[in-house]
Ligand code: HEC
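In the form predicted on its own, a lone chain appears below as structure tokens.
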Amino acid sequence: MTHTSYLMPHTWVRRPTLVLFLVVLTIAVVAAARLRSLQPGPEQPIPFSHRVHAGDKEIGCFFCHQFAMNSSNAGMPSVEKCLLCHNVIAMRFPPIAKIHTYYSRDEGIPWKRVNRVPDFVHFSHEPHLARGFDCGRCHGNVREMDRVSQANVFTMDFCIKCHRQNKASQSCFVCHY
């Protein structure tokens, strides 16, 4: 036996270091994802609270996002849709007054998009809703969000994991055609 063995790290020294590295890396990834989920989404032209409308008032997603049942784009509510309630409720509240201004100018509200899939992906809400999936499965707990943020990044990995878990087709041509 040579006395140089102290120069070579033993496997029992390398393994705890690797395990510690993996634990720290996992914690960092989870913390980063959690931090991202806590950040509000883009500031909107009207400070619309999903927490108040979808949560407290229990207005369903499809009342405002009427195209979600049969389109890739769920749609944004028209000014007229907002005014169905806000011609009577909180009319003089400054953000609501702003909706009346858009209406008087015959303009739509220039909402900023929060969720997006890449252009090379064909997506429809229809088959997902037909299977009974709640919107929150992909969009997060919107009912608790004042300012909506993107709860998930819609990568191929995100979609494939869900398709596997739910025994849905994983054929390329389901989403790419």
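Quick note: we count residues from 1 along the sequence shown, nothing fancier. Please read all numbers here as calculations on a predicted model, not as lab measurements.
Another form, the form predicted together with the named molecule, is not on view; read the next lines as being about it.
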> Does the named molecule get within 4.5 angstroms of any non-hydrogen atom of Asn73 in the model of the complex?
Replying inline: yes
> Wondering, does Phe158 line up within 4.5 Å of the named molecule in the model of the complex on heavy atoms?
Replying inline: yes
>> Is His100 part of the interface with the named molecule in the model of the complex - any heavy atom within 4.5 Å?
In response: no
> Contact between Thr17 and the named molecule in the model of the complex at 4.5 Å, heavy atoms?
Replying inline: no
> So which bits of 133-168 sit within 4.5 Å of the named molecule in the model of the complex, heavy atoms only?
Replying inline: Phe133, Asp134, Cys135, Arg137, Cys138, His139, Val142, Arg143, Val148, Phe154, Thr155, Met156, Phe158, Cys159, Ile160, Cys162, His163, Asn166, Ala168
